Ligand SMILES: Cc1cc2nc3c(=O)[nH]c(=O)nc-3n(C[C@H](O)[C@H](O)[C@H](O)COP(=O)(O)OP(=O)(O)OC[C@H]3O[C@@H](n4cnc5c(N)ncnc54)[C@H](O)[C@@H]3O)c2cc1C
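This document opens with one chain alone, in structure tokens, the form predicted alone.
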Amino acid sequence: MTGPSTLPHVLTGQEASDWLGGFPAREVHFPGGPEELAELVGAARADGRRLAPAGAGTWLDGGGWGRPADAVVSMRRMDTTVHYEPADLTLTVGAGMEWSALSTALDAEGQWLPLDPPGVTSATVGGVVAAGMSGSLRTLYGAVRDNVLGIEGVTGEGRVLRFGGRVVKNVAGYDLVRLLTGSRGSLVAMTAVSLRLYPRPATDRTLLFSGGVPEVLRGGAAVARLPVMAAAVDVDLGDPAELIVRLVGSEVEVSAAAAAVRAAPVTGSLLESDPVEGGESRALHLRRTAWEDGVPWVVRCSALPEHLETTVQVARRIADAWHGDVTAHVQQGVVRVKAGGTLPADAAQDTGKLVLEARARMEAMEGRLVVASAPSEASLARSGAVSPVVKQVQSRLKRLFDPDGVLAPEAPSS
């Protein structure tokens, strides 16, 4: 799917600093394969150094998982196709393959990998699997872990291991693939991943409704409860607010679902715009995955969908203080806040208190608040406290895969 890589083998000095974008490390290495990576890990283990695994480097500090490292190891040179069988809807690629390159190649076969986490447009395949974040398509197609069949990676001991396989049905046993998906490189540095694919839907249609925030939120909740499988039900809380409903499938299925959405009593009170079809619908949602790209302040609040109105209230309080924007994934109960540039002076002074209060409200309804992005000088707890039991399990797993702590990422503890 790609030609020979022209990336350097190592960056140092200012070049490394520019690539790292503020992440605390001195060098960036680009190993060409698992064996070369294993040598780097083995040498780091012998010297007592820490390495931070990465793809394109866009999520190095996401969600508070990063620790200072002596060097970053990027998988970007591992960007070739290992195995692709269109008839079986399975694919194995190097972890460093760009998501855009993967999508272009799959389009030629009428197939797609329906994963849409924030930032996917600038990510690598391995980065998506390692981060384990999902977007709106999760409701219809499952989370990232539901679409990963196998993982190849290097442990903190410098061993090259392969988990799972290349087929949808694997033998029973411990599901280490699901364990590693979303582990952020804390257990193994991923070098290749095997994925399940889907046929590209014949019809891709997005319905757009606008109105006041309360009406749009009620409309989104009503659509999410309908007996139709919408690929996405999102709300942008601007002025006016907008309800965005994505429907995919055959023309008959999509037309029937669209009629049901329009017939819902709440949506009937909203102003509907012309629907967006086909390639324009796909492009709209691809742009939406980049909603928070390059923004210095990003907070994600999540709880059960039944608590969406409260979650939105929490998020809007932060957005009002930061002069930011809010968007919500209705079916998942996830609400995101973004703010660009320098915060207003009063907001910057009270940021820590604001985040702590918001996190307390989310945790009171068994939800979470994660500071996904913040300037390095901001002294914020990126995520909430981890229970002692969970922390003990995480520590045991870390010792099993990386006993000397060579791999810098770790699950956040506060």
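Numbers for residues come from their place in the sequence shown, where the first is 1. A quick note: this is a predicted structure, and the numbers were derived from the prediction, not measured.
Omitted from view is the form predicted together with this ligand, to which the following refers.
Participant: Pick from 128, 314, 257, 245: which has a non-hydrogen atom within 4.5 Å of this ligand in the predicted bound form?
Facilitator: When this ligand is considered in the predicted bound form, the option within 4.5 Å is 128.
Participant: Within 4.5 Å, heavy atoms only, which of 236, 293, 320, 280 is in contact with this ligand in the predicted bound form?
Facilitator: Result of the distance check: 293.
Participant: Want to guess which of 24-32, 360-368, 383-391, 53-61 is within 4.5 Å of this ligand in the predicted bound form, heavy atoms only?
Facilitator: Careful reading of the contacts points to 53-61.
Participant: Flag this candidate site as yes only if 138, 221 and 329 all have a heavy atom within 4.5 Å of this ligand in the predicted bound form; otherwise mark no.
Facilitator: No, none of the three is in contact.
Participant: Would you classify residue 118 as touching this ligand in the predicted bound form, given a 4.5 Å non-hydrogen atom cut-off?
Facilitator: So residue 118 counts as contacting this ligand.
Participant: Would you check, heavy atoms only and a 4.5 Å threshold, whether residue 210 touches this ligand in the predicted bound form?
Facilitator: No, residue 210 stays farther than 4.5 Å from this ligand in the predicted bound form.
Participant: Residue-level contact is defined here as any heavy atom of the residue lying within 4.5 Å of this ligand in the predicted bound form; does residue 355 satisfy this criterion?
Facilitator: Residue 355 lies outside the contact set for this ligand.
Participant: Check whether residue 147 has any heavy atom within 4.5 Å of a heavy atom of this ligand in the predicted bound form, and answer yes or no.
Facilitator: Heavy-atom contact with this ligand at 4.5 Å: absent for residue 147.
Participant: For a quick check, can you give me the residues of 293-327 that have a heavy atom within 4.5 Å of this ligand in the predicted bound form?
Facilitator: The stretch 293-327, when checked against this ligand in the predicted bound form, contributes 293, 298, 300 at the 4.5 Å heavy-atom cut-off.
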